[in-house]
Each structure stands twice: as structure tokens, then as C-alpha cells.
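Given next, in C-alpha cells, is a single chain: the form predicted on its own.
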Amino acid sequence: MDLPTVEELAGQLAAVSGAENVDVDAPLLQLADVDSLDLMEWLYGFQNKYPDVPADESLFKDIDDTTTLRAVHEKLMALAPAAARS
């Protein structure tokens, strides 16, 4: 099992939210057309697709104006079992 790249995560979030583009280095709170419900819907889809990765809503617990999708991706990589990162 390969985890998605940060660009793939951006595509997934765009698909869920309907956003035209998701910049992986833009603060999540400032992305046009992406809100907290979109993030939770994306997380639900991620959890279903990657049940071995213990990702939950705590990914967004400390979300602020500096939290980017790239930072979320790094958290996911840290949570993933070693086999999922290969």
C-alpha cells in the first residue's frame, strides 16, 4: 500500500470540496471553497481507503493560519506504518 503524494491529497480535497485548485503550500484556512466540513469529508474518505493509518480528526486539532496540506501530509506519513510508506 502506497500513501498518496501531497499532490494526490490536493486532488482528493479538490474533488471533495469542489475547489478548482488546492495549493499544497497555502494555509488550509485560506483555501477558497474549502471549509472544515470538506476537510472532515476528505478525512473520512482517507480513513476508508487507508484503514491501517491511524488518522483521525486530531490531524486538524491545532489547525491555524500556518497549517498547510503539505504539513498534514507529513503528519500522515509519520502516522503510517512503515509498510505503507514504501
Partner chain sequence: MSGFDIAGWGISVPERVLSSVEIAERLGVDEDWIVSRCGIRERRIVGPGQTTASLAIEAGARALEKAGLTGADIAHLIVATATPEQLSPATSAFVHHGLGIAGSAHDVNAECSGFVYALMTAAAWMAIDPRPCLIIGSDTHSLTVDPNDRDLSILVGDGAGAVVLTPSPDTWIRAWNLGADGSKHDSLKVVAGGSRMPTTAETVEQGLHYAKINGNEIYLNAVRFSVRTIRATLEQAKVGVDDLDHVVPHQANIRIINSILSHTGVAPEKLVTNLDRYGNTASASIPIALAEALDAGRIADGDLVLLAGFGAGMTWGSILLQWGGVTDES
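What you see is a predicted model, and the numbers here were worked out from it, not measured in a lab. Positions refer to the first chain, counted from 1.
The form predicted together with the partner chain is left out here; the points below concern that form.
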item: Partner proximity in the predicted complex: residue 35 to the partner chain, non-hydrogen atom cutoff 4.5 Å; value: yes
item: 4.5 Å heavy atom contact, residue 30 to the partner chain in the predicted complex; value: no
item: The partner chain contact at residue 43 in the predicted complex, heavy atom, 4.5 Å; value: yes
item: Partner contact for residue 52 in the predicted complex: the partner chain, 4.5 angstroms, heavy atom; value: no
